[in-house]
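This document starts with one chain, in the form predicted on its own, laid out as structure tokens.
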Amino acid sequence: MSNENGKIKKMMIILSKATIENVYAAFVLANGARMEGIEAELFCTFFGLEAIHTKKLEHLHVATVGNPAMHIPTMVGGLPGMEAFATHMMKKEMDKIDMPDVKEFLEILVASGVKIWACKLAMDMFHFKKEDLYEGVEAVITVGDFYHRAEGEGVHLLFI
């Protein structure tokens, strides 16, 4: 029996949605893992690919419709301009605490050793090419490849 009982050695984070709140949650968790000396990998799939797509990563929004944390009725969240307003307000609050923008945060993650992967199925489905992605993305891999990377003791998978 190992004397490192329950120690987290690697975080495997799956990012499936590219709303600002989901992207920053994944990035903060990956960065926090690295700051604690824990390996971290980020697998971007489906709409999570927008967080690493060079033409989309600077244009992420806050989800105002169907987001119970917004504390506004769905009908109000769907009004024209509401999503843009909520996004503006969120970015303003993030600026106050010196939160890096998405591209700068990606640079920080890669520099700290976070491995970033793109899902082959989602890439094919959305007709994206590797050249469309942020340069720090390691590769386009299959779900099976991702699971093989998650093998071993002390590895945790987290779906966002």
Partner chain sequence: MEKTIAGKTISVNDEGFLTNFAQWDKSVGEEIAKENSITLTPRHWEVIDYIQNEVRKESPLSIRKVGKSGVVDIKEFYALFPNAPLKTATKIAGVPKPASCI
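None of the values given here were measured: they were computed from a predicted structure. Numbering follows the first chain given and starts at 1.
Keep in mind that the form predicted together with the partner chain is missing from the display, and what follows is about it.
- Taking the partner from the other structure, the partner chain in the model of the complex has no heavy atom within 4.5 Å of any heavy atom of T64.
- At the 4.5 Å threshold, heavy atoms of F128 stay clear of the partner chain in the model of the complex, well away from it.
- Taking the partner from elsewhere, K115 is found to have every heavy atom lying beyond 4.5 Å of the partner chain in the model of the complex.
- A residue is said to contact a partner when one of its heavy atoms sits within 4.5 Å of a partner heavy atom; F46 fails this definition for the partner chain in the model of the complex, lying far away.
- Comment: the partner chain is not present in this chain, but in the model of the complex one of I108, L57, M70, A122 has a heavy atom within 4.5 Å of it, namely I108.
- The three residues I20, G77 and L79 each lack any heavy atom within 4.5 Å of the partner chain in the model of the complex.
- Heavy atoms closer than or equal to 4.5 Å to the partner chain in the model of the complex belong, across 92 to 125, to the residues I97, D98, M99, P100, E104, F105, I108, A111, S112, ordered by sequence position.
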